[in-house]
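What follows is a single chain, given as structure tokens, in the form predicted alone.
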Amino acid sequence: MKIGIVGCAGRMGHMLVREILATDGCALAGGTEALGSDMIGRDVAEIAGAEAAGLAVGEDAAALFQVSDTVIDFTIPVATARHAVLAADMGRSLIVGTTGLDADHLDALASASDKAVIVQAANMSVGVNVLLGLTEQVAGVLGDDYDIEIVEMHHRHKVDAPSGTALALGAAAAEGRGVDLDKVAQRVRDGHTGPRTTGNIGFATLRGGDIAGDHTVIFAGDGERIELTHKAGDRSVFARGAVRAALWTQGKAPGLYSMRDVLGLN
């Protein structure tokens, strides 16, 4: 499978390049960066710390889609929406790990999935997707007398909060309880907030250092507490999951899929 990477010069881009080069059945098709990047023209593999592959970093995403079977995207929401259109127009599959997607961006992915295989996940880690399943299951078993709080911590450079993974965990907990997350989410607390509202799902966001991603779902009842935690040691876990998803798309019908589909958890 020929896999291209949009945003190949970032930290995730470098890990994706190395993961593709190390994975049987994969070939690096190329990579792109934003207009004006000083990485344009340099060797895609070499800037990731690997042996030169003879593939120059480009700036034309359409050209990358043309030579790829699948493209992996960990960029920004507005760019991801444009890439979804390219995937649909060219019949290529698209793996989306971009976070911070709003309703319009998700609509763009859904529209593109009529003609293309789209795998979108707030977190590509295998472990996190197991955590999502466990969170939904535990929330379904425990009643409202167990308060749900989701705590996440990421590196100082992360720009969105709560993280996409934290929101996905909140959605999983809400699904387990049969409620709408938007109606029960408590995303900010400041000042004299009064007592906790029964049934709310709370979020706490921490930022600092170089933490790749820590997430904990807390079910706090009277006299006991259950905590489900996932800690990512480095971003390679996201790269491995994304490449696994890319390989999984072979032979699949157009549609919008998740990592839970890839892992057979749905």
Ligand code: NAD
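What you see is a predicted model; the values in this text were computed from it and never measured. One rule holds for the numbers: they count along the sequence shown, beginning at 1.
The protein also exists as the form predicted in complex with this ligand; that form is not presented, and the subsequent description refers to it.
Engineer: I need the one stretch from 197-205, 230-238, 22-30, 216-224 whose residues put non-hydrogen atoms within 4.5 angstroms of this ligand in the predicted bound form.
Structural biologist: Of the options, only 230-238 has residues within 4.5 Å of the partner.
Engineer: Although this ligand is absent from this view, report whether residue 10 comes within 4.5 Å of it in the predicted bound form, heavy atoms only.
Structural biologist: Residue-level check for residue 10: yes, a contact with this ligand.
Engineer: According to a 4.5 angstroms non-hydrogen atom cut-off, is residue 34 in contact with this ligand in the predicted bound form?
Structural biologist: So residue 34 counts as contacting this ligand.
Engineer: Applying a 4.5 Å heavy atom distance criterion, does residue 186 contact this ligand in the predicted bound form?
Structural biologist: Because no heavy atom of residue 186 falls inside 4.5 Å of this ligand in the predicted bound form, the answer is no.
Engineer: Going by a heavy atom distance of 4.5 Å, is residue 104 a contact of this ligand in the predicted bound form?
Structural biologist: Outside the cut-off, so no.
Engineer: Please determine whether each residue of 68, 92 and 119 possesses a non-hydrogen atom within 4.5 angstroms of this ligand in the predicted bound form.
Structural biologist: So, no: the whole triplet misses this ligand.
Engineer: If you look in the predicted bound form, which residues in 75-108 sit within 4.5 Å of this ligand (heavy atoms)?
Structural biologist: If the 4.5 Å heavy-atom criterion is applied to this ligand in the predicted bound form, 75-108 yields 75, 76, 79, 82, 83, 97, 98, 99.
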